[in-house]
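Next up: a single chain in structure tokens, the form predicted alone.
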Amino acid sequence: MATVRDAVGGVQSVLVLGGGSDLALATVRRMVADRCHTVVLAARHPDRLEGELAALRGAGAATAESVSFDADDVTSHQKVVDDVFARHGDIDLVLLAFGVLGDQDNFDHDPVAAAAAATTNFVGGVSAGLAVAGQLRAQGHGTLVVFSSVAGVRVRADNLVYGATKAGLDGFASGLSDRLAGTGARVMVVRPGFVHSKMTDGMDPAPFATTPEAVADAVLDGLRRGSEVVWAPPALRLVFGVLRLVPRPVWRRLSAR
């Protein structure tokens, strides 16, 4: 089936895996304002998204619906993705936006909780990402946007479980991008820094802190440019280019509380 992008290349249909994500919702709002007409929010508690769906319809989305999606239930991911594609016929863009932050002090004493976070952030991302990739490959076009994090660029001691899961997800997404080369489908990795959101509520902001709306603008700009990696804010690309080279003893002091 032909692409549903409009005459000027705007995204016309989007599926969000992790439909309650502040970053994803900000991105979808921008897309609806730019004539995106079909939105599917997949979330663990889809009933909690009714207000958001009503707002999207009011903003111009012809179709705005929610479906049940559990990031931890990897056996269900293929069916959820397949059902959405089957019902809508063609999906232009998929946002993979689920994840948990957790607390490293708790993880230090609760390996089971740490493993559960890894299942959500990484294992779930692999399962859902491959399910989406199969559909995009079959339709011959479309983009999977994977929300990673600068935390995965070089893992810090004070959030090592979260950082390690994002490092794994980032590597998976980059490799998946290479695997889809030449199919018409592609992957774009988004690496935000500290974002003021539900996930970080109550935390002290890090340098270069940003907002969901600013990240959304960066995502849309990256899509227009055909970028493979988007940093939000862009200055973090240079910052982490330097931090990657910092000697480990220095990094250890910088990354520990």
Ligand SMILES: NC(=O)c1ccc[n+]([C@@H]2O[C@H](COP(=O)([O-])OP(=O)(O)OC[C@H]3O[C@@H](n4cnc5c(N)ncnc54)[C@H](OP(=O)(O)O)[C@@H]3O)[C@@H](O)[C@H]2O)c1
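This one's a predicted model, so the numbers in the text were calculated from it and none came from an experiment. Note that residue numbering begins at 1 and tracks the sequence as displayed.
Note that the form predicted in complex with this ligand isn't included here; everything after this is about it.
Exercise. Considering A114, V100, V123, L176, which brings a non-hydrogen atom within 4.5 Å of this ligand in the predicted complex?
Worked result: Filtering the options by heavy-atom distance leaves V100.
Problem set entry | Partner-contacting position among A216, V195, L223, V230 - heavy atom within 4.5 Å of this ligand in the predicted complex | Selected residue: V195.
Exercise. Going by heavy atoms within 4.5 Å, which of 82-90, 132-140, 161-169, 176-184 lines up against this ligand in the predicted complex?
Worked result: That would be stretch 161-169.
Exercise. Does any heavy atom of H45 come within 4.5 Å of a heavy atom of this ligand in the predicted complex?
Worked result: Looking in the predicted complex, residue contacts with this ligand include H45, since a heavy atom lies within 4.5 Å.
Problem set entry | Partner proximity in the predicted complex: L15 to this ligand, non-hydrogen atom cutoff 4.5 Å | Result no; L15 lies far from this ligand in the predicted complex.
Exercise. Would D70 count as touching this ligand in the predicted complex under a 4.5 Å heavy atom rule?
Worked result: Contact with this ligand, yes.
For this session: Spell out, yes or no, whether the shortest heavy atom distance between G10 and this ligand in the predicted complex is within 4.5 Å.
Result: Flag for G10 set to no.
Exercise. Who in 141-178 is close to this ligand in the predicted complex, meaning a heavy atom within 4.5 Å?
Worked result: If the 4.5 Å heavy-atom criterion is applied to this ligand in the predicted complex, 141-178 yields F147, S148, S149, Y162, K166.
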